[in-house]
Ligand code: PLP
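Before any questions on how it binds or moves, here is one chain, the form predicted on its own, in structure tokens.
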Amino acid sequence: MTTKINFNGEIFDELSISVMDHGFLFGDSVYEVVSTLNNQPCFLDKHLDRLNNSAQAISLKIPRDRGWFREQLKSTLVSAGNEESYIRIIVTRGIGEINIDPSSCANPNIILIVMDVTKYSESFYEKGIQVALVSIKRNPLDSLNPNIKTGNYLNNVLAKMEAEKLGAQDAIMVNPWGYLTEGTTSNLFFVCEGHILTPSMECGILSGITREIIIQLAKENGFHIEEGKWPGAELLKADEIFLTGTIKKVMPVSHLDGRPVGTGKPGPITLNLLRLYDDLLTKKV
């Protein structure tokens, strides 16, 4: 397992950054996670688009253009030499004074972490995982918009901790009004009577790149899919549940709050979409 860290264009095996960086002090940063296939970044343009959108939303100017990111990622992937890699792109506000005013931060830092990817166990896809509806609420849109992918993840950390206490592998959160939102690092889909349902953006979710692709694949392949608002209790009626994310891809859920979802095994629609997504990835690279 080889890890390489690119810091503002220089590649290191290990990295120390200033504790005065506002990314460390206040979570004042944006980031993206990118997977690879044949060690080539998947959907990189989409990830860079979202990185820029997140940065604009918090008035953080990224000091490098898209070409720079492509070149630096290429050299860092070569330097790491992994068969497949996990890529984390981070842009922090930079070094400043110990107060929340960002005006003292003159130079944002760019960190590219490339490491050997830790894949989820095949048994998760064959048997499904357990999730729990937790009491921790997703941040509301007018507080800290979940669609901005920032380094401030304490909301999700607390939800994950609660889920683990309940014996589940991930958490499903509702918003302050009780409507379903998403998992801690993934988007939520569920199937009722053959219809695929997923919380809409107005519920307060991150616009996941894998989520967008799954919605597109579902429409192209004749599935009925709907974005909307559903209270948490609706999830208890689901015949199938699955989560989506860059590393998770399409992750089946077998149990909710300790009770089987449908037959207690990954359902046919979930498995069909997982196959379609894998096929798409293969064609893209």
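Everything numeric in this text was worked out from a predicted model, so none of it was measured. Position 1 is the first residue in the sequence shown; the rest follow in order.
Below, we refer to the form predicted together with pyridoxal-5'-phosphate (PLP), which is not included among the displayed structures.
With the cut-off set at 4.5 Å between non-hydrogen atoms, does residue 245 touch pyridoxal-5'-phosphate (PLP) in the predicted complex?
Residue 245 belongs to the contact set for pyridoxal-5'-phosphate (PLP).
Using 4.5 Å between non-hydrogen atoms, is residue 153 touching pyridoxal-5'-phosphate (PLP) in the predicted complex?
Because a heavy atom of residue 153 falls inside 4.5 Å of pyridoxal-5'-phosphate (PLP) in the predicted complex, the answer is yes.
Taking any heavy atom pair closer than or equal to 4.5 Å as contact, tell me whether residue 109 reaches pyridoxal-5'-phosphate (PLP) in the predicted complex.
Close contact is absent here: in the predicted complex, residue 109 is far from pyridoxal-5'-phosphate (PLP), nothing within 4.5 Å, heavy atoms only.
With the cut-off set at 4.5 Å between non-hydrogen atoms, does residue 93 touch pyridoxal-5'-phosphate (PLP) in the predicted complex?
Residue 93 lies outside the contact set for pyridoxal-5'-phosphate (PLP).
Sort through 113, 206, 168, 105 and report the residue having a heavy atom within 4.5 Å of pyridoxal-5'-phosphate (PLP) in the predicted complex.
If I apply the 4.5 Å criterion carefully, the residue I get is 206.
Contact assignment for pyridoxal-5'-phosphate (PLP) in the predicted complex, among 210, 139, 82, 130, heavy atom within 4.5 Å
Only one listed residue qualifies here, and that residue is 210.
Choose one stretch from 70-78, 96-104, 191-199, 175-183: the one whose residues place a heavy atom within 4.5 angstroms of pyridoxal-5'-phosphate (PLP) in the predicted complex.
That would be 175-183.
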